[in-house]
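In structure tokens, one chain follows: the form predicted on its own.
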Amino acid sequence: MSIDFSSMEKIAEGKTKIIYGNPEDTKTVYMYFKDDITAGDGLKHDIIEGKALIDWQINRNIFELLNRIGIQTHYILSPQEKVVLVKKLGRKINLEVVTRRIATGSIVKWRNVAEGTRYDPVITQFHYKDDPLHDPMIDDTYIDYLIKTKGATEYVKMREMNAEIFAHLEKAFVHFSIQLVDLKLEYGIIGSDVYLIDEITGGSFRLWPYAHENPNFNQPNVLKELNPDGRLDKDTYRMGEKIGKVKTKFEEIAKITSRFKELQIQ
């Protein structure tokens, strides 16, 4: 029996999802995926028919893996297609937390590093979530100051969780000869603790296939070991690829992540 949202309270609507209150349980809400896709801080916008279902599949596959591992997430279950039941937030933390293994995208320009530079250990950065301000990054030195002087331990928890989640997903994608390049996640407070929230879909990370078997990652720059042109992520849309091709890339992510349940990730 399908869930009827027509009589439910719409709590919020974003670029890719709608949040509905759960009349049967005030401690949970429903996330409903939409077919929308955006880029450039929302300036670029299209509809990809069927994207909601694909996003829902990817999100389900990844969150179920993370829950199985023991990561503290808001995800409960996916009761029907395009719908997720999650724990209701006490407070959303208005930050995007980005962990990077390989330098690409904006960091190449503003940090003046070569694309393909490999970070070991990974680096994690906080961005204030605001499209008109272009999601500005918060200085690490200032965050450390907040932790030491203001007791802002949420930052410590988010750093640790983001790096841990990255490590687990990196190991998972390795099984399919794919490198997790970077990962963008969001967090919130439920009860008195920090939880991973929102979605994890094709717009949450960059995925580059290996360029050949047995790549050598023990070098400062690994661009030649990877195949950026074969990327499976939202960059295909950002770079102007046709909508049909973008959808095909997302479908491939859904296919790969559907096999995460077979993996023994620790």
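Here the structure is a predicted model, which is why all the values come from computation and not from measurement. Just count from 1 along the sequence shown to find any residue number.
This next part talks about the form predicted in complex with a small molecule, which is not shown.
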{"item": "One stretch from 89-97, 155-163, 110-118, 141-149 that, in the predicted complex, holds residues within 4.5 Å of the small molecule by heavy atom", "value": "89-97"}
{"item": "Contact residue in the predicted complex, chosen from Ile58, Met31, Leu207, Leu66 - any heavy atom within 4.5 Å of the small molecule", "value": "Met31"}
{"item": "The small molecule: the contacting residue among Ala39, Ala52, Ile197, Leu223 in the predicted complex [heavy atom, 4.5 Å]", "value": "Ile197"}
{"item": "Partner proximity in the predicted complex: Lys15 to the small molecule, non-hydrogen atom cutoff 4.5 Å", "value": "yes"}
{"item": "Distance check, Ile19 to the small molecule in the predicted complex, heavy atom within 4.5 Å", "value": "yes"}
{"item": "Glu186 within 4.5 Å of the small molecule in the predicted complex, heavy atoms", "value": "yes"}
{"item": "Contact of His134 with the small molecule in the predicted complex (heavy atom, 4.5 Å)", "value": "no"}
